[in-house]
Structures are given as C-alpha cells and as structure tokens.
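Okay, so we've got a single protein chain in two different forms coming up as structure tokens, structure 1 first and structure 2 after it.
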Structure 1
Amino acid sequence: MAIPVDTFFLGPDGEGTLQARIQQMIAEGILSGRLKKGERLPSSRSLAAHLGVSRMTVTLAYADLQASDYLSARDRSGYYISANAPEPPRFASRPAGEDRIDWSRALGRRFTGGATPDRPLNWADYPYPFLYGQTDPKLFDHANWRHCALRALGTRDFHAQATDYYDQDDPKLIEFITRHTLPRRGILAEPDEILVTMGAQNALWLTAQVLLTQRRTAVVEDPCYHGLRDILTQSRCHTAAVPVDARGLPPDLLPDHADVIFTTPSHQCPTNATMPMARRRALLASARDMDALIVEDDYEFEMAFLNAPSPSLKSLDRDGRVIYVGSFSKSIFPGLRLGYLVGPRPFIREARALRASVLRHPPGLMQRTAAYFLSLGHYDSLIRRMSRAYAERRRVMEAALAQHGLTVAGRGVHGGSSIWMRAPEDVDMGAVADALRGQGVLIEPGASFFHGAAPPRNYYRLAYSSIPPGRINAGIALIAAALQECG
C-alpha cells in the first residue's frame, strides 16, 4: 500500500536542518504506528515537491533512514517501511496539551454505562456460539444478494443509489413494505405512514425522542430488551417496569397512568412469551382508558416455523394509538441495519424530520439492493430456508437441553431463534459465561435484560441461529458441566 504524499508535513516550529526534520517526521510516523511495515513511501520527487524542498534533501533523508533500518529500498520500486523497523510502543503517543480539558465538566450529557453486551467480534471462530442476533452465513443466499447489488449499481438505478433523498426513502422499498410485508401482519398503511430506519434500534430511538419528555412516563416489560432501556434512560423520562409472565405483558399490572407502553407481544424479548389474543385486546383497552400510545416491536415475526404468527397489535388497533416497529436486519442479516416505523401521519412526519437532522436517510444503495432482494422473491425463499434450518436446530437444542437436565424458562410458541434459560438461583451466569468462553462456548447472560439495581443473575439466553446443529449437543454438554461445577 502506498502512503499518500499529502499525509506528510513539516511543522513550522521544527528545529534542525530540513534533512533532519524529514527524517524525524518519518521516524515519528513509524514509532507512532501511523506508518506500517511494508508500506511504500512517496517518491523523493513527489515528496520534495509537496514539502517545497530539494529532491536531494529528501533522497539523503531516505538514505539515512535506510542505514538506520527504518526503510528498505527496492530496485525500480522506491522506498518502503522496513520489516526490521522499530516496533511502535504499546502506549499511544499523545500531543502535548491534549488532556487539558476537564471532560467531567465539559460533557453536557453521558451516554455510556448502558447494558451493551460484550460480544467478541470473532464470534464465528468459536466452536459453540449460542449468540442471539448473529446468523449462519451458510444459510444466506449470497449469489442472489450479489445479483441484486449489481443490479442496484447499474446505470438504470444510479439515481436511486446516488441521490440525496433528504428526508424521503427509496420508493421501491416503501412499495414492497406497503404491499407485501405489512399485509402479512394485517396492517394497511399508506407510503407517508412508513419511515425506513437504520434497524429497529434506530426506530425505537426515534420513537422515544418524538413521544417522550422528562414529564412523561414510559412502561417497559421486565425483563426487556436492554437497548430499549438504555434509550429511555437517555431520554430522561419516567420509567415503570412491569413484570411479564408466561403470556407476556399483563395489562392489569400497568400503572394508573402511562404515556407510552413499549411491548413485544408476538415474541417477548427475551422470554419468548407470546401474548394471547384476549390479552392483546385487553392491552388496547387499557391504553385507550389512560389515553396512552403503544409501541409494538414485532421482531422475528417471520421466524414462525411452528405455528402461524398471531395478529399484530397494530392490526387490531382502531384508534391509531399503536406504532409498529419492524426490521429486516433479523431476517436478512444483522449488518444490513434496515428497519421501518409504521404510524399515524403526524408521528411519522416528526420522526422523519428528526431522522433527517441526524442521518438524513439510510444509504440509497442498501435500500435499492434490499428492495430488489425482497421484490424478486429471494427474501421469501431465504425465510423458508431459515425456517427449516431453525426448526431442525431447535429440535436438536431441546433434545440436548432435556438430555443434560438444563431448565428452560421460556420458548417461542411460534418459533424464533433462541430459548430463555434459568440456572439455580445462586449461580451467576455472568461468571459462568466468562468461564465458558475459555472453552469456546459463547452464551448471553440475562442480568442486563432486567430492570433495577439488583437484577437476578441466574438467567441466560441460548440462540441457535449462529451454531450448526452438529455442534449443539457438545456445546450444551459444556454448559451443563459448567453449571454442575458451580452447583
């Protein structure tokens, strides 16, 4: 890799000869780690012209650095950072005066300290990854996705991928969501009632920003998606946590007044409970009585490989008080980061304006590629393939859990991609997860899902979306052995 010539400059307060200053500039770049071994330096002619010095000065500086083993020369190719150059120090070098700001006072608000899970980026290298939200690349339709991406990159679609939509979205993607995705959930919506987001997380953030203030109260399920709880904490609203049971959120436990109720009725996160129809109607009635809005996160509704999914809350709503959150990131692949909001026009109008002030709109190329993948039928084929694979993996998982005597706390009635587990009360699954990682097993401790300062630590989640069926039993055996050792 060639190092761009415009990354070099001589400071106005440098001391010594030009030749010495050039040597020092390059040596500092190597010692700081900015210039990597094997990278090619600019030619002496181009660097001299860029710095405004004679070519001989640069040539002599290069020669001295070569003699010191910082550089190596290759015939007819130029100078490179030597393989024997000194290693950068382990500590980062800092310019003088960088830490003169008192950041404890300078920061107006803090967004750290949430419950973001610790997941290794190389999770796929572990033999037993029971991680939720990750997918098995062997299940994905790489060929057709690549075909759709090439089609989106073509001349005919150049406007769609290159244009600045400002606060709008790709009409092809909106059309598919309107005519195909939403009707499957019993939802009828017009294009101006839909907003494309950067995944469900972004949709929940936009919703909280638009609907909540410091004087309003949000109801969340307990346990619930930890990312939602972080969002509500940052919004500074009042939060009321309602314990869920085997049928999801109980309407009779709602506080006397709530402004916004966040729920996952079809597939409760993380317990996998499914809210029955009678409770859904009761929840809508309770929200009507207190004049509250409901935010329905309908994640994983496509993964209903055991039974048909229940009707969405949005499809039962006759008052326009339900805001629907959907996502393609769970069903296509997590890195896609495409979701959508469906709600009344006044709400979508404000959410659209807020999104435009933060990121304008999701990248046009990704929207158009996804639109082709969806509209050409590849998405439906992918869902069928994933459903068959998940059904087999769940069968193997449940057999392994029964064989090794592990306790299931919740499983999806219609399907899904994970099982909610419970260990004995005196077991800290955070410590167990750390120990299992050294054995190649990745699990998700459940404490971060619970509300309060002292959450139960004996819950954990096991996903089967990212692990081949042939490895499930061996991984469950290692988990059982670790729990037995703790017990």
Structure 2
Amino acid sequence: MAIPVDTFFLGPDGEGTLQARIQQMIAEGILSGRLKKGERLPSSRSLAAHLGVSRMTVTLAYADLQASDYLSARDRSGYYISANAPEPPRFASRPAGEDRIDWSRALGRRFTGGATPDRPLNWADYPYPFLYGQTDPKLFDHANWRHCALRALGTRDFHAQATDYYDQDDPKLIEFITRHTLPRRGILAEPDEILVTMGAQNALWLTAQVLLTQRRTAVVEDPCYHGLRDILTQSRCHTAAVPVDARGLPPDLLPDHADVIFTTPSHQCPTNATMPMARRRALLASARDMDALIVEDDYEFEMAFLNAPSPSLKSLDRDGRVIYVGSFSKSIFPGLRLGYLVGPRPFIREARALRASVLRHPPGLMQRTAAYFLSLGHYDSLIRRMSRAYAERRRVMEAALAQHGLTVAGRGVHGGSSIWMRAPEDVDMGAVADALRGQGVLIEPGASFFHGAAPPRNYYRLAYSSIPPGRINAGIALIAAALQECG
C-alpha cells in the first residue's frame, strides 16, 4: 500500500535545512510506528509538490534515508520503508511538554472510578464464557440481518440512513414499536411518547438527567445494575437502596419519600426475581402515595421461555407515573445500541431535547435495519430460536449446578439468561473470578451490584447466553473446583 502524500506534514517549528526536516519527518513516522515496513513512499515529484519544496530536496532526503537503511529503493517503483529500518519503540516517545497542563486542576469533573467491572473484550476466545449480555454468534440470524441491512443500505432508503434527523427518529422504527412491541407489554403509546435511545444504558442515563437533581431522592434496588448506580452517583442525587427479596423490590421497605423509583420487575437485575402482580399493584400504590415516578427497566422481557411474561408495570399504571425502558440490544446484539424510552409527553420532550444536545440521534442505518428486521418477522423467529436454546442451556446449567453442589441464590421464573449464585460467606468471588480467568472461565463477581462501602463479596452471576451447552458442565466443574480451593 502506498502511503498517501497528504499524510506528510512538515513540522511548523522545525529547525535545520528543508532536506533535514523532510528526513526527520519520515524517520519520525517510522519510529512512531505510523509508517510500516514495506510501505511505498510517494514519488519525489508528488511529495515535493505537496510540501512546496523542490524535487531535488526530496530526492536528496530519500537518498540519505536509503543510505542509513530507513528506506530501500526498487527500480522504477520508487522508495519503500526498508525491512531493516529501526523498530518503533514499544512505547512511543511523547512530544515534549505534554505535561505542562495540571490535569488535576484542569478536569472540571471526574467520571472514572465507577463500579463497572473489568471484562475482557476478547471474551469469545475463552472456552467457558459465563459472561452476561454478549451475543452467541451461533444463535444469530446472520442471513436475515444482512438482508435487512442491505435493504436499508439501498438507494431508495438513502435518506433514512444519511439524513440528520435532528431530534427525531426513523418513523418506521417508531411505528413498529408503537404497534407491535409495546402492545405485547400491554402498553398503548403514541409516537411522541417514544424516544429511541442508544440502548437501555442511554435510556436510564437520559431519565436520570431529566428527573433527578442534587435535591432529589432516587430509590434503587439492592443489588442492582452497577451502571445505574454510576449514573445516579454522577447525577449527585440522594440514593436510597432497598434490599430486594425473592419477589423483587418490597414496597413496604420503601423510604417515606422518594422522587423516582428504579425497578426491574420482569427479571430483577441481577437476582432474576420476578415481581408478582400483587406486589406490582402495591408498588404503584406506594408510588402514588408519595407522588413518586417509577422507572421500569424491562430489559430481557423477551427471554420468557418458561412462562408468559407478566404484564409490565406501565400497563397497570393509570396515573402516567411509569417511565418504561426497553432494549433491542440484549435480544439482537449489544453492539446495536438500540433501546427506547416510553413515557408521558412532558418527560419525553425533555429527554428528546437532551438526547439531541448529547448525540443528536442513534444512526439512521441502525434504526432502519432494526425496523426491517422487526417488521419482517425475523426478530420473532430469532427470539423463538434463542428461547429454545436458552431453555436447553438452563436445564444443563441447573443439572450441572446440582451435580457440583453450587448454591443458586436467584433464578428467573420466566426465563432470563443468567442465574444468580452465592458462594460461602467468606469467599471473595473477585479473587475466584481472577483465578478462573486463567483457566479460561469467565464469571461475573457480584460485589459491584451491591450498594454501600462493604458489599458482600460472595455472590456471582453465571450467564448462559454465550456459552455452548456442551461446555457448561466442564465450566461449572472448574468453578466448583476453584470454590473448593477457597473453602
């Protein structure tokens, strides 16, 4: 590959002759790793024209670099980065003065330091990935997804892909959500009560910004999704953590006052508890009594392969106090980054304005491709296929857990994609997870889900969404052995 001529720039405050500066520019490119061995340099004519110097200057610079073995010449075809050129250092040297800024002062706010655990990006290379929220490529419907994307990429749909929607969304996706997705959860909504988001994460974040301030109180479940806790910490609101039980969030443990209650009634995250109907009604009544809003994160409701899912909280809401969060990222794949918020107009209006300021809108191609995938029925088939596979894996998991004597702390009555586990009280699952990683086993330690400075460290989550059923038993055996060693 030839190196494009316009990637070359003479440093503005360079010293020495023009020829020396050109040589230095090329040598620095090699030493910084930007120019790789075997790549062809621009012709002396074109580089000279680009830099506004004489051709002879470039020719002399090239010849000098050849003499010092940075470049090699091949007849007629020009100069190449030599195979003998010096290796770039593994850690490139920094331009001088980069640390003249006192960053401890220059940063107005910090966003690092959240509870989000360390997870390897190459999880698919591990033989036993009991990792939550990633997609199993073997279950995915590649052909139809590609087919839908191709249609969305067509000239006829160019506007949908290319246009700046400003604060709006693809009307086709909104229509499908309105007419087909939400009715399955018993929800009737108009298009202007729906906002497409960059996954459920973005929906929760937008909601927190619109509803919470430093003077307001949010209720979270304990344990709960660590990403939500980080969002609330950054919003600086007061947070009351309410311990969940086997039926999810208990309304009678709510504080006397709260402004917003975040809950996951379908599959409590991470315990998988499903809130029974009576408790849902009681929760709505409690919220009404304290005039609180409820944010219902209904992630993963599609994964209901054991029983039909219960109606959503929002479908029981007669006051307009429930804000509903849904996601396609779990069921299609997380790299999709598509979810949605459903709520009363005054709320959606503000969330929409904020989204426009933060990012405008989720990319048109993703919205249109998802709209086709949904409306052509491929989504439903995919969910059915995933449900069958998950049901089988769940059976294999349960059998393996029983066989190896591991303790289940929570499982979904409708399905879900993970099991919440408890080790003996003195075991630090963070350390166990680290040790298991070395053996090719990925599990999720549970401490980051808990509230407070001294969270229990003996919980963990085992997902079966990405691990092939044939590997489950061996993986569980390794986990059991690792726990044995700690005991």
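Rigid core here is just the name for the largest C-alpha set that superposes within 1.5 Å across the two forms. Note that the coordinates shown come from a computational prediction; the quantities given were computed from them, not determined experimentally. By convention here, residues take numbers in order along the sequence of structure 1, the first being 1.
Of the two forms shown, the form predicted together with a further copy of the same chain is structure 2. The two forms, fitted on the rigid core, differ between structures 1 and 2 by 2 Å or more at the CA of Ala67.
In the core-superposed comparison between structures 1 and 2, the C-alpha atom of Asp428 has shifted by less than 2 angstroms. Fitting the two forms on the rigid core leaves the C-alpha of Gly38 displaced by at least 2 angstroms between structures 1 and 2.
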